[in-house]
Structure formats: structure tokens, C-alpha cells
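Below you will find one chain, with nothing else, as C-alpha cells; this is the form predicted on its own, and questions on how it binds or moves follow later.
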Amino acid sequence: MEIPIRVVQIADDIKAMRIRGAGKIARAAAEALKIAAIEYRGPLDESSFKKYMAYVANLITSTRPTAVSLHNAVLYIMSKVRAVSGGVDDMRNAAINAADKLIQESIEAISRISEFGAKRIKNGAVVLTHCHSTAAVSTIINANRMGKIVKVYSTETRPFFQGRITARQLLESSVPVIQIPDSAVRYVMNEVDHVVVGADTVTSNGAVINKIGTSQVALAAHEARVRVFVTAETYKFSPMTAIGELVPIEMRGAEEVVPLDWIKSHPGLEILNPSFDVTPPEYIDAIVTEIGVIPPQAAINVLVERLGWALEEFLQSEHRPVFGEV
């Protein structure tokens, strides 16, 4: 089945982490489906178009299994396509309109989260953040504009060093920032007033799946009685976890951790490179969303109220591929 080159490029960029961050991944996925719908050149019958869009959807979702924002974005657009029964042009327009709406709402969500989150930061605060999250960075920048930030500790975040992106963006917005290795978190934690991080997935019980190392940051904060705030758009909440589905933890290649020639010179050595870990709700003080600040225990309410449609779509699939047979 022929797929537009630009769609394949987006999928490859997501998989290779050239497109990073849950929000950016969701918007890229929406853009890919929009392009696919616009450039469809197959038979002009509903069945062929749906099969084509399902094939593209499965390609996109296969790139990052842990990023629920990607899956929710694709599921939302595909649900709009399947709801149409007026011909290919109507289904095409449904996909385009749904993608545009999701992208716009995603951008607006960051602004609201930064407003809610900045209000939670106390005056004269020292903040620590891990990895790179647009929502977390925006919250810190907003708090700095309000005169609340003394300094920010930003972890390097190995092995991809996304923390360097965070440090650069904070510096560009005149936020005083100190870059530290991941292993220095406990060393500086007694200075810290707030930990502000993002999320790739929020489960129904309030646990947060985020970049590897987040759970260690939260554990050190818990030990030091430092408040932990998670910034997350509601489309990062996972409806499937409400019925016991597990969130897969993505394992990435050994070459991201050590050079390939070093691996070859040490035969028999195994490298473990999990991309995410799970922070239990007991170590999280609040989750900041575009609809307000909630305790982790209220995650199930957000799922029911905001993403109930996604859970219904999943249940109707009878655990087959969510987007249909391809």
C-alpha cells in the first residue's frame, strides 16, 4: 500500500527521536494523518479509504509504544473518520478537521498548563526539572516572568541529553539554569523547593510514565520532602489502563548508550536501555493539566470525563488492532 513520503518521514522521525516530546509527537502524528488523507489516491470507496487510513495509523502508532499522546491523537482522528458514512471526500475532510482541531487544542493546552503551574511555584523558588517537556519548560518560564524563580537545576538526561534542550530554552528566556548530571540529583535536592517534570503517560491510578530517571528524581524529592508537580495535557492520560491494560516500556538500542565499536570489542556484554520508568502516585503531589490542577488519585475522573470515548473505541475493537485489520 503506497503511503506519502512525508508521512513515512514523520514516522521515521518519531521513531528515531528526531521528533521528541509527547506533545510534539501527538501533533506530528495528527499532521501525518492529515497529509495521508489529503494525498490519498486510491479507489474512491469508503472501505478502501478506511483500510488505507488504518494502515497509516498503525504505522504511526508502532513508532513509540509508550507515548500514549501519540496513540490518543491517532485514535481521536480515526474515530472521526469511522463515524462518517458519506463517501471518501467526507471522510477525508473529517480527518483533516480532526487533525487541525487536535493540533490547535494541543498548543492552547500548553498555555493553560503554564498558567496553572506557575501559580503553584512559590516566591524565591529553586526548581529542578528532568528531561525536556514543553509543558514543564513553559511553566518554569512563566513562573520566572512572575519573579518567582531563583534558579533551575536541569538534568542532562542521558542517553539522549534532552536536558540540554531544556537548559537552552530556559536560558533563551532569561531563566537562571544550572545543568547537572543525572547522578547529581540527590546531591542538590536539599536546595530544591519544587520538582517540575512532564509526562509521556498518566495511568488511571495516577502513576506517571516519563523519561527514564524520573522515578529516581521523585524518590529523592520524596525523601527530602520536596513537592513534585507533573505537567501533562489530558490527552496523555491512558484510557486503556482503566481496564487493566499495561503500558509497554519502550526498550531502545544499545548504541544509544555506548559506541558500537565498544560493543563489538566486548562480546557477550548486554546493554539495557529502557526509555521510560514509572513514578508511583505516592511520590507525586499534583498533576497540572489544561483543565486544572488535580491530585494523582483524580486521574480516573479525567479519563472518564475527557477520554471515555477513547475507552469505548478500544473496547469495541475487542482487543484487535485498534484501527482495524490492515
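The model shown is predicted, which means the values in this text are computed figures rather than measured ones. All residue numbers are counted from 1 along the displayed sequence.
Below, we refer to the form predicted together with ribulose-1,5-diphosphate, which is not included among the displayed structures.
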* Non-hydrogen atom within 4.5 angstroms of ribulose-1,5-diphosphate in the model of the complex for each of Arg20, Arg64 and Ala199 -> yes
* **Ser238, Ser133, Thr155, Thr139 - the one with a heavy atom within 4.5 Å of ribulose-1,5-diphosphate in the model of the complex** => Ser133
* Asked: If you check His194, Lys211, Lys148, Arg92 against ribulose-1,5-diphosphate in the model of the complex, which one has a heavy atom within 4.5 Å?
  -> Lys211
* Would you mind picking out the stretch of 82-90, 97-105, 175-183, 124-132 that comes within 4.5 angstroms of ribulose-1,5-diphosphate in the model of the complex, counting non-hydrogen atoms? => 124-132
* Asked: Quick one: does Gln162 come within 4.5 Å of ribulose-1,5-diphosphate in the model of the complex, counting heavy atoms only?
  -> yes
* To do: Just give me the residues of 268-284, first to last, that have a heavy atom within 4.5 Å of ribulose-1,5-diphosphate in the model of the complex.
  => Ser275, Phe276
